[in-house]
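What follows is a pair of forms of the same protein chain, given separately as structure tokens and numbered structure 1 and structure 2.
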Structure 1
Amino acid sequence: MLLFEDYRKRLTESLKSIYPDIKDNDVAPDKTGHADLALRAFSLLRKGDVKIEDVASRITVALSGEDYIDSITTSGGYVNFILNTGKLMEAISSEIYGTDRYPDVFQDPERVSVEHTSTNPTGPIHIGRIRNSIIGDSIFRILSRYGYRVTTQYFVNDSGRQVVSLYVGYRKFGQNDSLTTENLLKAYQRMHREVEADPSLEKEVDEAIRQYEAGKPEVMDDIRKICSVILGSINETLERLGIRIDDYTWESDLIRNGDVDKILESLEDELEDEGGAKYVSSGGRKMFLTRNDGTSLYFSRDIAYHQYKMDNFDWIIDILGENHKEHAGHIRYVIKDLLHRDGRLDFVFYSYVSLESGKMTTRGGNIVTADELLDRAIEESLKIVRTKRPELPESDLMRIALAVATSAVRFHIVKLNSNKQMVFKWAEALSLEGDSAPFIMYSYARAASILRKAGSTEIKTEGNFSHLESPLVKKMYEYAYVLHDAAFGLKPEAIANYLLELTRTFNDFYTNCPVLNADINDRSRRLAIVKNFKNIVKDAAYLVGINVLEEM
């Protein structure tokens, strides 16, 4: 949980002591520009002949001793509160100077599982799927920053029809080739084409599935070996983006150790039969757990996996493509209504990313891999950096280009609401002036430059803040609330959009408020503002995968 001087909470509690019917959500940040916080007073005005001016007058008298409030006004059905900039600056600085971050945090004992990526190990991860990894990793970072004990997980599908098709395809068409991701992908795509031409080849896949679920060691071991090769390449791609996975759960282990059988036993009273295939039903929908030959389906294995997570975590979060909404609903129904598990279970759905060339599929071969996307981003970033900083040695140019490229890719994807479809556009992602990672990185570097040039000059946080300084201080103070909302709403885009707002506000401050050339009092106060800005940007940028640099 977050620890900071929560003036919104303090104001809400004071208002409740005056008007007990006020709800927590009646007091919120004002987005109209009239105030910092506003009380929505409509429920109070409906009770008798009460005017908004009367409400404001009563509140003004009651809060006259509160030094964090500068003024109280009204507009429509709202009571508006202007907060004292000096008190907000004090709240930010006391934590940054004490713990080196605002807001500080207290470790929450709850254990959280964030499952993301989990793409089938049948080929390299492509741009259409990388949004899963980026959203999942940002949620992991945000919840960890909030104080939760978070573990990231990858559910490795080494048991389904697709990976068995990969295994059969490699045995038929790739045995003479070395065991590499590239050769496996070629064999998989050829198998897909051959099955389309001759559907009878599916019988070979069916037989391999039966051998697999019967526990034939050479089949299970060969499939895991093949999947491990591709999983290794997927992890290398994730590492390039600064994404790590803590735990891997292999589907085959759930079959080997009997967890799938235990699920079927637990659901025995709910199971129905259709030609030997077992299913559970809800609302007229049949959810099959086994085939008619008794082999398990992905649904039963996923239930077993969620049962395992329920045993080990207090809060389970799955990042899933939008085409998995129905499956997620079935999982929730079985876990909650049939198995009666109490843990918190949330799903975050996302739409896929595409390039202007269109959609991509691994089986069809028309994919753009995440590695190709990153390589192109590095190439484009290097061109820009060379133009901006031609005097730098090649090693520094490449270091900056790498940071810009990975940051640009991650931020361009995470800043958009996950439910919205997106087309990746190079010009927008790499812009130094638009809503991009480089735009934020450049402002951070500018703040770092100001502090370097200031040297060991004394920095003071007190003083009379002008109307040109206050917006930045108040925007910085807002960070704690944005972090709270992002954590509980599982919305990393809230951090991304806050960063853009904060950076724009800093740029206005930089344009209108000289720092190094200001008089001694203004200079020391403004240096404190810049220092706090730099600290908060670095903290928030990490949460959405931006690698800030001291110099660009």
Structure 2
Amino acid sequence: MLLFEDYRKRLTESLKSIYPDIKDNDVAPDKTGHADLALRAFSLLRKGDVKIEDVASRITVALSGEDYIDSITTSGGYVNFILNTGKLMEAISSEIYGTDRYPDVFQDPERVSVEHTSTNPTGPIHIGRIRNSIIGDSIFRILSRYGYRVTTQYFVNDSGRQVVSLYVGYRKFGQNDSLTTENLLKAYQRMHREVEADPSLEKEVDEAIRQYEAGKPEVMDDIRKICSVILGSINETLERLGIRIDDYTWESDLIRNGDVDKILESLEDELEDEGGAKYVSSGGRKMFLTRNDGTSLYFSRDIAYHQYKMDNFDWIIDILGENHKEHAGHIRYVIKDLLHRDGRLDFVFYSYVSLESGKMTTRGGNIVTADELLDRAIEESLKIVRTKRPELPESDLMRIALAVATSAVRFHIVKLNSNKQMVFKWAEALSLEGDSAPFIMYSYARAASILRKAGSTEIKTEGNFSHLESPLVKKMYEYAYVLHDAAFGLKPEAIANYLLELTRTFNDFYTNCPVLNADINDRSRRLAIVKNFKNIVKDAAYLVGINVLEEM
């Protein structure tokens, strides 16, 4: 949980002790600028047959000892509260000076599994799939920040029809080529075309699946080798984006170690048979667990995987494409209702990314890979940083361009609500101004520059905050609430959008409030604001995959 002086809660509790009918939702921040927090007294007024002025004066008397409130006024059916900037600043500073982060957390021992990416090892990761990794990694970072012990998980589908058909394709058409992701992709796409021309080839795939599940050594070795090559290059792409996977679980291992069989045994009473194929059903829907030749299906392997996760984690989170919604529902049904596991299980869905020319398919070959996007983003950033900072040595230019590019790519994808469809456009993806990562990074660099130039001047965290400083302090204070909502709602985009607001507020401060040239009192107080701002931006930026730079 987050540790900070929660004035919203404090005010709400106080108001509830005066008027027990007040609900938590009746006290909320105001978006229109009338107040920092407002009590919506509409129901109170109707029920109690009192005037808003009476409500306000009763509250004013009761809260007269509370120094975190500057003013209490009324407007329509609202009681408006202006909070004391100094107290908010103190709440931020005491944590930053104590633990170097606002808000601090109390370490919660719960273990969380975040499964993301888990893309079939049949080719390079494309920009549709990378949305999964980017959302997943941000959720990993946010929950870790929140205090959970989080592990990232990748479920390697090395037993499915698609991977096995890649294997068969490689044996038939790619044997003489070196074992690289490019050659494997070519073999996979060729296999796809050949099967379309001659569906009888499917029989070879069936046979290979049987051999694989039976544990035939050379098949196993070959498939492991092929998958490892592709996984290796997927991993390189993820690394470029700063994304790390902790655990890889191979589907074939769950088959060979007997976990899948155990699932079938546990479900024995529920299993039904159709020509040798086993299934469970719910509401007239059949969910098949095995084929009629006894080989397993993705569904049963995924149940085994979730059973494993239930054994090892307190909270399971899967990041899945929207086409897996029904599958996820079935997993939940079997895990919860049939296997009676009561652990916390959440799914985060995202809609697919399409190109202006239509949807992407690895087999069809019409994809933009994440590597291509990164390469072009780096090229673009390099061009810009070269014109802005011609005096810098090449190594610095490259370092800045890399940070800008990876941050921009991640931010462009993570800032969008995950269930919104996304049509990929180069111009938007490569845009480095406006609502983008560089916009945030730039403000951070400005703050860093001020602090650098300030040298060892005293920093003073209290004082009288002017109307130019207050909005920034208040916006910084909000961070704790945003972090809570993002973690609790599994919504990294909330952090992304908050960062944009925070940065805009800082830019306003920056243009209107001289820091280094201000008189000594203003200067030391403003330096404290800048220091806190820099600290919070760095903290929040990391959560959405932005690598801030001290200079750019």
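When a residue number appears, read it as a position in the sequence of structure 1, where counting begins at 1. The structure displayed is predicted, hence computed values, not measured ones. Rigid core: the largest C-alpha set superposing within 1.5 Å between the two forms.
Between the two copies of this chain, it is structure 1 that is the form predicted alone. Taking the rigid core as fixed, one finds a CA shift for residue 429 of 2 Å or more between the two structures. Here residue 483 does not count as shifted, since its C-alpha moves by less than 2 Å between the two structures after the core is aligned. Core-superposed comparison between the two structures: the C-alpha position of residue 504 differs by less than 2 Å.
Once the rigid core is matched between the two structures, the CA atom of residue 24 is found 2.7 Å away.
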